[in-house]
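Have a look below at one chain only, the form predicted on its own, in structure tokens format.
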Amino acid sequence: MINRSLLRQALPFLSLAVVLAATFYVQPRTMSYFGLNLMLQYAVPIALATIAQMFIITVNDLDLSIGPFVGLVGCVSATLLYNDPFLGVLALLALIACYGAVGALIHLRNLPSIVVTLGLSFVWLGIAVLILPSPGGKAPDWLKAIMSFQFPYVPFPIVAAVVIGLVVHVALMNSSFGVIARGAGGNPKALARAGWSLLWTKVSMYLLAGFFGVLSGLSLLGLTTSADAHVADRYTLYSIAGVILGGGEFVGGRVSPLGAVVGALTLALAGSFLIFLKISPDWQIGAQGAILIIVLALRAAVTYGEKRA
């Protein structure tokens, strides 16, 4: 049973290793500092969006608006934040506050998060298009400097992803707040009987999701140097897939911050691997979905073996 449990926890890392080995086999020149940096350059914004989604899934909700939200953050940052930093910061804080308000609305009115966030995705996209009808704007110099920073020996995206995963892991898995947050998804009735507020727990998780969504949009803008309302449309699917690839589940408050980051890295590498195979971009999202299905099938087989043992 112990071996099967360890295997289940190791599946995200094994998936990453398999995709990485396949990429090195298909294109050996990627086995270098420059190659890894190029393949993983967009891993940081994807990882941050995945962490944002993970906070929502922790409380048994699902966010279908994180992709358009990241795009909106980019548009706000490339215009307001670039031209008037103070006004831009206020706008970003307001967006985070809106996320918290949505969490409160969903809890107080007992609304399905899928429906609410699906509608919200059109709101985010509409505001982004109003701000930037066509791609444009400029990234602040300090943001471009951060995202172009280079560590010796290890590419920046890998270092950043590891730091993000470790910080969130410690905060969510080894703190009293993390226990409460995961309890809200695992056993909300017991949490309420213990005197904890489910409302403030859910609002806090939505605020954290909004915060990491803002970080995702900022990091993406730092890489692209200009904004586009549709630039992160696929991040919604990427974020959900990253959480699930990393060992998270839709119910029960069962998530893994480190696993979520590894899942995001796997998706980023899978995109490069499919490009090396000369697969059309129109088919790439389907191929990434196939990777997700395979990992889920393996996890289900391991879980079934645990129950039989």
Partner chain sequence: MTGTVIKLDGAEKSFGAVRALAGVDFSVRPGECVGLVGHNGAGKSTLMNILAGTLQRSAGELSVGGRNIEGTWTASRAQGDGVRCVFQELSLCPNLSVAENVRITHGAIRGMGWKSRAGALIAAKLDEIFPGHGIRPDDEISDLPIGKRQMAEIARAFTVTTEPLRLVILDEPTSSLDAVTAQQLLAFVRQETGRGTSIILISHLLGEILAASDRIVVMKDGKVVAEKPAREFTRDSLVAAMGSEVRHSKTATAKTGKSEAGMAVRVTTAGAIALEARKGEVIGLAGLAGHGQTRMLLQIYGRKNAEVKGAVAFVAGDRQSDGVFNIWSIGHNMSVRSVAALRRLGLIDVKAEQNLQGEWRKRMAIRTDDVNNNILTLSGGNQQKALFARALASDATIILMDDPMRGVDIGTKQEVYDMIRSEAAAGRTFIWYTTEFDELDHCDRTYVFRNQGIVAALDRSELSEERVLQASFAEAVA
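Note that the structure is predicted; figures quoted are calculated from it, not measured. Positions refer to the first chain, counted from 1.
Same protein, other form: the form predicted together with the partner chain, not shown, and the subject of what follows.
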Hey, of 155-163, 223-231, 178-186, 108-116, which bit sits against the partner chain in the predicted bound form at 4.5 Å between non-hydrogen atoms? 178-186
The partner chain is absent from this chain, but in the predicted bound form, do Ala190, Trp196 and Arg254 each have a non-hydrogen atom within 4.5 Å of it? yes
Answer yes if any heavy atom of Leu87 is within 4.5 Å of a heavy atom of the partner chain in the predicted bound form; otherwise answer no. no
Using heavy atoms and a 4.5 Å limit, would one call Asn83 a contact residue for the partner chain in the predicted bound form? no
State yes or no: in the predicted bound form, is some non-hydrogen atom of Gln150 no more than 4.5 angstroms from a non-hydrogen atom of the partner chain? no
At the 4.5 Å heavy atom threshold, is Met173 in contact with the partner chain in the predicted bound form? yes
From first to last in sequence, which residues of 108-122 have any non-hydrogen atom within 4.5 angstroms of the partner chain in the predicted bound form? none
